[in-house]
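Starting off, we have a lone chain in the form predicted on its own, written out as structure tokens.
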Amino acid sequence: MPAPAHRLNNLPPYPFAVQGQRIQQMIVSGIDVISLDIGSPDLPPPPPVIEAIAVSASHPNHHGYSGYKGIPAFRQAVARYYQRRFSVTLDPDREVLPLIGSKEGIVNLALAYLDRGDLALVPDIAYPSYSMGARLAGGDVYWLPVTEQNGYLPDVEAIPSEVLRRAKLLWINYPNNPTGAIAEPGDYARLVNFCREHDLLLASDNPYVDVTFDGYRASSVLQVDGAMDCTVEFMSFSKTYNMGGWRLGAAVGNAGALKNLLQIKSNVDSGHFRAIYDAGIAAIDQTTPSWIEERNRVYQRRRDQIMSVLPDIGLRAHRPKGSLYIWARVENGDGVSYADAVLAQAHVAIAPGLIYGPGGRDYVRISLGVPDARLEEALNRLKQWYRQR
């Protein structure tokens, strides 16, 4: 067999795939592992979504190719969502591009913009696909330090000039995975102005915008004046509508950037099954605010339950206003050692913070997407493990 491409040398295995294999081996051997590591919603989508896919799938003419840009009705629905939710006007034909899950779009955006020698600016605690996409494209990553003290917001003014000369992309994500941090409109305005000044594409990953707590209402960077000049935002159905396995999302924003993204995508995929788009339209148009609020109350209750236990298991954290996670600092030790120990000894899987970049070394991430009874059992195991260790 021939040697694999050199790009694999710069692209380590996806961390959650590696951890998933270890968990699966434990399960096969008869160990009951409770997974608090993956941010996969455990609750079902709204009923109209299920009804819509069933109706559409039964239609005899809905089984062919749906087009590289999806169907117009879906793009129009995404535009309606942005108008209703953010008062942002989008051209459905030029400023909305369907994705096979936002993760696909994140990686393909790097392929569209980064050549060898180019840089992506990535917070040093961030969703792994931002850096993995850059490396897959042959580019490099410059880690932007983010800390609890600065609210996990990047200090872009501190980026060295020699770095900016090579940079093309700046990644942001609020409400944040994994930290739960939020960005205010003023923060977004500062980042937009910086990207316009330095000819950067601002890539805003916004899947948790409708997963918020304590009355907080998140915003879109596209609400900032001038954002459309330099910004692509990724929206996802996985978290807003509990449709993680459906792999449906969209990129919205600057028409030129979306055209470049489409050039990559149209050479790689052929779009979704029509019924998935129809289900997405139902999610946007028929999901009620009360459904979102009730789902978020479930997550908020779990958040508070986990927060109350942290002092008893050697962790501390700020109470997040959004996202699907608790980002907790290990009081004595590091995140990798802590996560390895609880998996091996308590049979509870949590994500070591180092998965999210060099700034996450002393942290772990705990997901809220687990049924109540399993969460209760997991927390009891963790308390017992910490007392006995």
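One rule holds for the numbers: they count along the sequence shown, beginning at 1. Because the structure is predicted, anything quoted here is derived from the model rather than measured.
Only in words, not in the display: the form predicted together with a small molecule, which the text now covers.
K.L.:
Please identify the residue among P207, G253, P123, G139 with any heavy atom within 4.5 Å of the small molecule in the model of the complex.
P.N.:
Of P207, G253, P123, G139, the residue with a heavy atom within 4.5 Å of the small molecule in the model of the complex is P207.
K.L.:
So the small molecule isn't shown here. In the model of the complex, which residue out of F194, Y82, F213, Y127 has a non-hydrogen atom within 4.5 Å of it?
P.N.:
The residue from F194, Y82, F213, Y127 that makes the contact is Y127.
K.L.:
Decide if the three candidate residues I106, K239 and Y325 all line the small molecule in the model of the complex, where lining means a heavy atom within 4.5 Å.
P.N.:
Yes, the whole candidate spot contacts the small molecule.
K.L.:
Any of the heavy atoms of G271 lying within 4.5 Å of the small molecule in the model of the complex?
P.N.:
Looking in the model of the complex, residue contacts with the small molecule do not include G271, since no heavy atom lies within 4.5 Å.
K.L.:
Determine whether any heavy atom of N173 comes within 4.5 Å of a heavy atom of the small molecule in the model of the complex, and answer yes or no.
P.N.:
Close contact exists here: in the model of the complex, N173 approaches the small molecule to within 4.5 Å, heavy atoms only.
K.L.:
Does at least one non-hydrogen atom of K259 fall within 4.5 angstroms of the small molecule in the model of the complex?
P.N.:
Because no heavy atom of K259 falls inside 4.5 Å of the small molecule in the model of the complex, the answer is no.
K.L.:
Verify the contact flag for T231: yes if a non-hydrogen atom of it lies within 4.5 Å of a non-hydrogen atom of the small molecule in the model of the complex, no if not.
P.N.:
Looking in the model of the complex, residue contacts with the small molecule do not include T231, since no heavy atom lies within 4.5 Å.
K.L.:
Please name which of the stretches 97 to 105, 84 to 92, 296 to 304, 146 to 154 has residues with heavy atoms lying within 4.5 Å of the small molecule in the model of the complex.
P.N.:
So the stretch in question is 97 to 105.
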